[in-house]
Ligand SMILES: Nc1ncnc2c1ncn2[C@@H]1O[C@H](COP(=O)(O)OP(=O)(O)OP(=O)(O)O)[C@@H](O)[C@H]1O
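Below sits a lone chain in structure tokens, taken as the form predicted alone.
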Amino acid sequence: MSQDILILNGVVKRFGKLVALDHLDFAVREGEILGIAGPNGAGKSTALAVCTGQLAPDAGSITFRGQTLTGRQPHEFCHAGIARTFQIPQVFSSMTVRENIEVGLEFGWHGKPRGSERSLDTVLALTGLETNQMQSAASVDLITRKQIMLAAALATDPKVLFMDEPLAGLNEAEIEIFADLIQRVNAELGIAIVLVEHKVRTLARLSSRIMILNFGQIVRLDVPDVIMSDPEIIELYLGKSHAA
């Protein structure tokens, strides 16, 4: 069994009287794809924000490769080996595709010996951006913007990558292309990937395990076959449309 690389223990996050994460306990295993699903407002995006340093937990601890990251700044999470992408692609429109990825490479290098970072050409090849690397990022379509954001995140040399609804806004053909890319990144780089995604059937195809969240608590954490064959989980937490 793979080793636990990132561990959340009793994590609580409140927004006023709203408890977004309620004593959340789970671990991300080295090299796995962990899917996170659940209804709107379940705490999925809050969990990603806490795991990547955008939000500090009100209680509990976050441990990554034996190092306590609780309360540290987002750049410290990144330099430790944790990266994320967002539902709406975040790119520098005034730069070329290549320059966007160079930003990730330079930022992720901090504190590491020169030559240890993932090479720019490797990232370009893996994400399919070699041919349009000199194109302006302002002129590309949505799926390419998502590829740029993913490539820039990979250039920081993460050991765990968190992705918030990476398939949002894509058509069926593009979903297949980007899902295959996620699978390839996991297989070729060996990094753990945590996916928050509403397209549950695709999530089930990609994931080693799926965690169902609701009201900031884990309802179920199991392999996809078990999750997708449970009528109660489908009806209450995923929606009947995902049963087919």
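Here the structure is a predicted model, which is why all the values come from computation and not from measurement. Numbers for residues come from their place in the sequence shown, where the first is 1.
The same protein has a further form, the form predicted together with the ligand, not shown here; the description that follows concerns it.
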Identify, from the list 42, 175, 204, 182, the residue with a heavy atom within 4.5 Å of the ligand in the predicted complex.
42
Partner contact check in the predicted complex: of 204-212, 33-41, 186-194, 59-67, the stretch with a heavy atom within 4.5 Å of the ligand is 33-41
Does any heavy atom of residue 199 come within 4.5 Å of a heavy atom of the ligand in the predicted complex?
no
Is there a non-hydrogen atom of residue 165 within 4.5 angstroms of a non-hydrogen atom of the ligand in the predicted complex?
yes
Contact of residue 18 with the ligand in the predicted complex (heavy atom, 4.5 Å)
yes
Any of the heavy atoms of residue 46 lying within 4.5 Å of the ligand in the predicted complex?
yes
